[in-house]
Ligand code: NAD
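The chain that follows stands alone, in the form predicted on its own, written as structure tokens.
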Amino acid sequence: MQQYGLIVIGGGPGGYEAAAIAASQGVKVALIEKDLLGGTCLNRGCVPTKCLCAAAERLHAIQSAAGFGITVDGSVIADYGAAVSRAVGVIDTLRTDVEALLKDVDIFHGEARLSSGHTVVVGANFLKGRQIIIATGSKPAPLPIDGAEYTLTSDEFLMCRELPGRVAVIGGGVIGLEFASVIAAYGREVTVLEFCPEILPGIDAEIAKRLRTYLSRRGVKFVLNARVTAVSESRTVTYEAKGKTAAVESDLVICAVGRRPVLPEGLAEAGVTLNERGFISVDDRYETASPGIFAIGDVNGRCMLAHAATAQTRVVTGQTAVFGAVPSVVFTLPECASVGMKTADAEGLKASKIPYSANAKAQASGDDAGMLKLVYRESDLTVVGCQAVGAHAGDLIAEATIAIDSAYTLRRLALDTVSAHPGLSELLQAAAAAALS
């Protein structure tokens, strides 16, 4: 039996951060990872997807060069396989950085099984920890339909080195839309089938509709209110919509209908319980029903984003008692981002809307398709949320996040804050000023 101050199960963003922080504090730490360090985000999620999105963005820039008086002589060869290879190189570099971060941590490769008495078994090793953090993440959720075996998960799609002519994407959430945006940029025919009345359920409906409009202009086809019922061996997707049955013919089908937690064995024996959604149940300190055992990241289902897992790590390791608003970004072309509250979330909330076309930087760069919504409380004019669709929406949301966490009022944002001109950040000030007028 090997004794540790902390045992971390899972080497993703939350897990490796927790292990590194504890080790830097002089705690003896063990980290157990059954696959590759870095977790889903680094190896099969955020990072490779963003690499492909970056390639698609450059391809779009080349295709749009004529509008800036630039002539591209000869044919433009878009090698998707080369873009995937570049992503692999980026992943390898970042994984090396993670390994360096864990230089003072004992790493065990294998499947972890929890037992009673704060014991974890991995292979032939029996580890006992004063504290245990479960950070095992999530995996693609299956779609219970006939022919599901003819679809690819997000993990499997990211391994593809070629794009066929026609692609069907089941699911209009973040993952499905990012893939669809990349595929369309490479000139392939792509159709997104979404069960809900609008894409990106949970995002501000007006912003989601605008994103769908922009993606449609770039070649993405959408079928909303579509309940997929089957996928044939020939990759024909059958669905029901508006009381009728229809089909989409494709060469490849991607299933992106959400994710479910990866649960280690032995939870019950360790006294860890699940909630009604099947995620590990935790309190506001991310402690499970078993004292001294914590669960962070996707496995607790609180907020399934890599940076949320990292923020939860800071709470568990005692660096902070609470963290602020958590922004989310969809890296489509153009981007879509959100932070804080939407007007539909509570009574007494209003929004000030500003189009990108009113911004000098957006006009100069040719990125004037977009809109920013600034949400504020009508009673005291405090900024409580922001949503945006358009170029660099994620960067705009970062600034809005600071304003929300600092309880900025509209007046402070509009009059006391200075933004560089010309810059997209002026959209935030313009929205605040418009609300005050």
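Each residue number is its position in the shown sequence, starting from 1. Here the structure is a predicted model, which means the values were calculated and not measured.
The same protein also exists as the form predicted in complex with the named molecule; that form is not shown, yet it is the one meant from here on.
In the predicted complex, the named molecule sits within 4.5 Å of a heavy atom belonging to V174.
Mapping the unseen interface onto this chain, F331 counts among the residues with a heavy atom inside 4.5 Å of the named molecule in the predicted complex.
When the named molecule is considered in the predicted complex, L163 lies well away from it, no heavy atom lying within 4.5 Å.
Taking the partner from the other structure, the named molecule in the predicted complex has no heavy atom within 4.5 Å of any heavy atom of A246. Looking at 258 to 266, 276 to 284, 80 to 88, 212 to 220, the stretch with residues near the named molecule in the predicted complex, meaning non-hydrogen atoms within 4.5 angstroms, turns out to be 258 to 266.
Each of L143, I170 and P201 comes within 4.5 Å of the named molecule in the predicted complex, counting any heavy atom. For the options F195, Y150, F323, Y186, the residue carrying a heavy atom within 4.5 angstroms of the named molecule in the predicted complex is F195. Put simply, of K28, R411, R58, K50 only one has a heavy atom within 4.5 Å of the named molecule in the predicted complex, and it is K50. Contact residues in stretch 292 to 307 (any heavy atom within 4.5 Å of the named molecule, taken in the predicted complex) are M304, L305.
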